[in-house]
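Take a look at the structure tokens below, where one protein chain is shown in two forms, each on its own, as structure 1 and structure 2.
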Structure 1
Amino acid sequence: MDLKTALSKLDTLEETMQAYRHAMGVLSLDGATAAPRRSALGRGKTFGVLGGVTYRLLVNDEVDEMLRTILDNRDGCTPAQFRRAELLREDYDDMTRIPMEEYVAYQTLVTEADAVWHEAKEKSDYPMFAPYLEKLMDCQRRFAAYKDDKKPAYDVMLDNYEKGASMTTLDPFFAMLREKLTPVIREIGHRPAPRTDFLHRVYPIELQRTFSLRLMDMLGIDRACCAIAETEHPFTDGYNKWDVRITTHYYERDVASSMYSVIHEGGHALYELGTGDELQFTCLGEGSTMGIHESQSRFYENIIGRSLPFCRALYPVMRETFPEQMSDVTAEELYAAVNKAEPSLIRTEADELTYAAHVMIRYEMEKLMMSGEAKVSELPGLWNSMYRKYLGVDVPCDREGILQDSHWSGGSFGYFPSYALGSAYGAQMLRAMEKDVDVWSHVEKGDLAPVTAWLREKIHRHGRMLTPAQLLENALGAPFDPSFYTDYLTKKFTELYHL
């Protein structure tokens, strides 16, 4: 195949693949937001058909030859063409490495495991889920070996979610979090808690919906390109930079829940919305790894969204939207309330400080699970003892313990560290950003444009054109150093709690 033919085939393939990605994305979104309950059967059939088609679109000898042609002719390609071929080659290899019948069996297993997990969680019945967890771990270990049987399985998995991550890099990272943050968490347990009563007054859903739109406006999200919907669990998806969706979940008596979901998902959305025009409708037109994506969402959610200047900017908007509920509250009380730190059981509800400990525990668990050091039956005991040790809380039941997250039932092992990495990247980015931008004076005025412009320049606009390492180099201006993160948290919570 000559290069010109190969490049033309690349364009056709990507155009087609992106259309399927869009269709399947919207089908999922519809399933989570609008579809009636019994629609699952039809959606499953449609996913089966479209999934099969996309598999065959990518995995065939012609594509193989096309990719080889491009990758062997770097000089004849634009950097974007070459990069697209590189990324498609990764997908290709990922998909062909696993024998088809194993992959199909795995898909069936995941579907079953997910259903069983839901029921097991509801009943707090770990033994019900355990055999599925065991099988999922076996599959994933086997898949990791297909990819690279010279590395420990868990290293392969970590690298899947965050290119370059391994136990060698993460062990010291989590050790540092443990060492620096555990004493702060302990100490805070002995201090008086801020008032949070007003966050749990009745906030009518209709008003919260209006408030979400105002939040999106404050974040500088162009609502002509980004819509919001409601789902059980908030998420973000983007089909191209002119069509991004975020979701949230409203609780009448917890205004902060949806508020920070919107800001978090809004951070993901700003990333997708900021990818370069020229990258759209190719595999380059989306965000990079999980860790980089979380660095953006958690930057907006915590570093900006839970800062005192932002709370000051938000305060009049909240007073206006919820005059009764906020009538006896100051901006400083709002700031203290949304930063209430408290060792707790559930990761997704954790504050910024203790969140890191939840992730650290999962990392330690996954290491033991993947090395085979722990038996599946021992996992709940291990989980509970780590929660006692690092967070000082007793886990009353597996539902609020090891069964709480959906990741493992979905076959995702090695995913959790990205959350902590993303947070740590963000803290270091803030320091780099502060050298170029007078961050807090803008944020205090409710103007996030300079913050977003900086992130857009360093990260967003590049999509997947640059590697995660290049993006971090751009945005950190120095090698990654997690002490920025621990310093940031220590300083913030020392001040908040007068430690």
Structure 2
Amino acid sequence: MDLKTALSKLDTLEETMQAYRHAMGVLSLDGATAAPRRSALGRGKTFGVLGGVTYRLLVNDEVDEMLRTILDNRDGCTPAQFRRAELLREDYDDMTRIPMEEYVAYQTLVTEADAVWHEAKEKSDYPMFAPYLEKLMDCQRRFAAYKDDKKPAYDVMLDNYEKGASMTTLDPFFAMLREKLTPVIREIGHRPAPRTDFLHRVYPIELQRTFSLRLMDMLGIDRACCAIAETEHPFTDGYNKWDVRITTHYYERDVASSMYSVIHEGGHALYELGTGDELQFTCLGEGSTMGIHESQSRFYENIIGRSLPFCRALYPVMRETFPEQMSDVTAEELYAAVNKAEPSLIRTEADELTYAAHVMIRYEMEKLMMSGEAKVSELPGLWNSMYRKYLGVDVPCDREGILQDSHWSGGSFGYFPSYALGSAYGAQMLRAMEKDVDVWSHVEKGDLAPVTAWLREKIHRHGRMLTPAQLLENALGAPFDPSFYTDYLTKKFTELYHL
């Protein structure tokens, strides 16, 4: 195959694969937000068929020859063409190791497992979900062995989400977080808690929906290209930069829950919306790694969204939207309330300081799950004991315990550490950003455009064009150092609680 033919086939393959990805993504979104509860069986069969089609699109001799031709002729390609071939080669090699019938069956399994998880969570019934979790774990262990049977299965899974991550790199990372942050958490436990009563007044759902749209506008999200829906577990899905979806959930007596899920998912959306036009409809037009993606969501949610300058900008919007509920509240009280630090049950509702402990628990559990040291039947008890050990809280039910997250129902083992890594990346990005941008004066005015412009230049526009290491170097200006994160948290909460 000559190079010109290979490059033409590359374009056709990517356009077709992206079209299927878009269609399957919208179908998945519908299943999570609007489809009838019992639709999962039919949707699972559809995903199985589409999974088979996409498998055959990528895994065949012609694609193998096309990729070899491009990779053997680097000088005749543009950097983007060569990078696309590199990434597709990785996907091709990974996929060819999995028998097609197993891949198709897995697509069906994930769809069914997600539907069962939703029902099991609603009923707080772990045994209902357990058989599906067992199958998902078995599949993922098998897929990991297909990819690299010389590495522990969990290391392969971690690398799927964060290139280069392994238990060897993450064990000391989490150990450092425990060492540096545990004394701060303990000391705060002896200090008076801030006032939070106003966050739990009755906030009508319809007003919260209006407020979500105003939050999206504050973040600078183009609502002509990004829509919001409601689901059990908030998430973001970007099909291309002109079609990004975020979701949230609403609780009448917990306005901060939806508020910060919208800001968090909005950070993901800004990343997707900011990728370069020239990268669209190719494998380059998406986020680099899950850790880098989470760095953006958690940057907006916490570093910006829970800062005093942002709370001052947000305060008049909340007063206008919820005049009765916010009538006796100051901007400073809002800031203190949304930064209340105390051990809690739910990861997505956790404060910025204790959040890493929630991630660490899932990391420690996944290590045991994937090594086979913990049986599926033992997982709720293990979860509950770890929450007592690391956070000192008792788990009252499966819904608020092991069933709270959607990740395992989607087979996303190895994803959770990305949240902690992303938080740490974000703290170091802030220090680099502050050298170029007067961050806090803009934020206090409610103007996030300079913040987003900096991130767009350093992170968003590149998609997957740069390697994760290159992208981090571009944004951090120095090697990754998690001490920026622990220093940031220590300073912030020392000031908040007058330690």
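Numbers given to residues start at 1 and step along the sequence of structure 1. These figures come from a predicted structure and were not determined experimentally. Rigid core: the largest C-alpha set superposing within 1.5 Å between the two forms.
Sort out for me whether 1 or 2 is the form predicted in complex with a further copy of the same chain.
-> Answer 1, the form predicted in complex with a further copy of the same chain.
Taking the rigid core as the reference frame, is the Cα of residue 331 displaced by 2 Å or more between structures 1 and 2?
-> Not so; residue 331 is displaced by less than 2 Å.
Quick one: core overlaid, is residue 441 moving 2 Å or more at the Cα between structures 1 and 2?
-> Moves: no, less than 2 Å.
Rigid core superposed: residue 389 CA moves 2 Å or more between structures 1 and 2 | Yes, shifts by 2 Å or more.
What is the C-alpha shift for residue 41 between structures 1 and 2, rigid core superposed, to one decimal in Å?
-> Residue shift at the C-alpha: 3.2 Å.
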